[in-house]
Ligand code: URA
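As a starting point, one isolated chain is supplied in C-alpha cells, in the form predicted alone.
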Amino acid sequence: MESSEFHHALALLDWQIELGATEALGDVPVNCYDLPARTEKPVAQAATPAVAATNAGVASAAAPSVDAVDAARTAAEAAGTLDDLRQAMAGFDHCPLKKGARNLVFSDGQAGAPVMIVGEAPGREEDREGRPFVGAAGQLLDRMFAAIGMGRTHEAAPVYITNVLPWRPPQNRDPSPEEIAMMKPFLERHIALAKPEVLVVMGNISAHALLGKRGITRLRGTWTEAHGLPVMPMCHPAYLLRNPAAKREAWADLLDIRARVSGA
C-alpha cells in the first residue's frame, strides 16, 4: 500500500472512531449506500376471524369511551360534605391538568361564610401551597376585603374562597372550554355544600363558568343571579394590579357587597 493510501485509510478510520464506531462486525466491507436489485414486499396475511375479534376486543378495552362531564357530575352529586367533595375531586383522573399540577387547590377561608368568592384557576404560588389566592393577586384580594371589614380569617365576617379549576393550567394559560365544562359539576356542588348568601365571581373565566357570559369590565358592578343566589361580578385582582385606575370601581363593588350582606 502506498503511503498516501495508508494515510487516507487511517484518516477514515479515525473519523469513524470519532463517530462512535468501536468494532467491526465483518471481515468484508459493506457499502450501505448500495441498493438491492429488487426489494421483496412482505405479503400481508389475513387474520383469522378469531384473531380479528380478539384484537378488536383488546383495542376496545384499551381505550374505553368515558364522558368526563358525566363522570364529574356523578362524582360531585355523590359528595355529601365538603370533605367528600375534596376527596372526589382528588380522585378525578379525567382532567389532564391534574397530571401537571403539584397540588389540588380546593378552598380557603371559612365554609358557611356569607360571601363565597370564585376565582379562575390556581397560579404558581397557589399550586405550590395548595390554597387559592396566595400570590400577589391574593394579597390584594385580602386587602380589598379587609377594607370592608371582611376576610378569610375574619371571625365576625369571614369569606370562603375557591376557583373554577382546582389545578393550575400550564404556563398560567386560560382554561379551555372543555376543562371548564369538565370541572363545572364540582363547582356547582361546591356552592351547594358551602351555602353562601352571596357569590362574588372574579374575572372572565368565573363569569363564563357561572353566568355563561364574558366581558367582565362590562358585567362588573351589576348584581345578577346564578344557582338561586345573588352574584356580583368583579374584575380579577390580577387585572387591578395591571390597571390600578380600575380600583375605584372595585371599591364601589365592595361597598355593594358589604351592603348586601349586612342587609343595609
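These numbers come from a predicted model, not from an experiment. A residue's number is simply how far along the shown sequence it sits, counting from 1.
Here the subject shifts to the form predicted together with the ligand, a form of this protein not shown in this document.
The unique member of Val159, Ala121, Ala72, Leu187 whose heavy atoms fall within 4.5 Å of the ligand in the model of the complex: By the 4.5 Å heavy-atom cutoff, the listed residue in contact is Ala121.
Contact stretch among 78-86, 179-187, 112-120, 91-99 - heavy atom within 4.5 Å of the ligand in the model of the complex: Going through the listed ranges, the match is 112-120.
The ligand contact in the model of the complex: Pro132, any heavy atom under 4.5 Å: Yes, Pro132 lies within 4.5 Å of the ligand in the model of the complex.
Touches the ligand in the model of the complex: Arg220 (any heavy atom, 4.5 Å): No - in the model of the complex, heavy atoms of Arg220 and the ligand never come within 4.5 Å of each other.
Stretch 150-169: residues contacting the ligand in the model of the complex, 4.5 Å heavy atom cut-off: Going through 150-169 in order - heavy atoms within 4.5 Å of the ligand in the model of the complex - there is one hit, Asn163.
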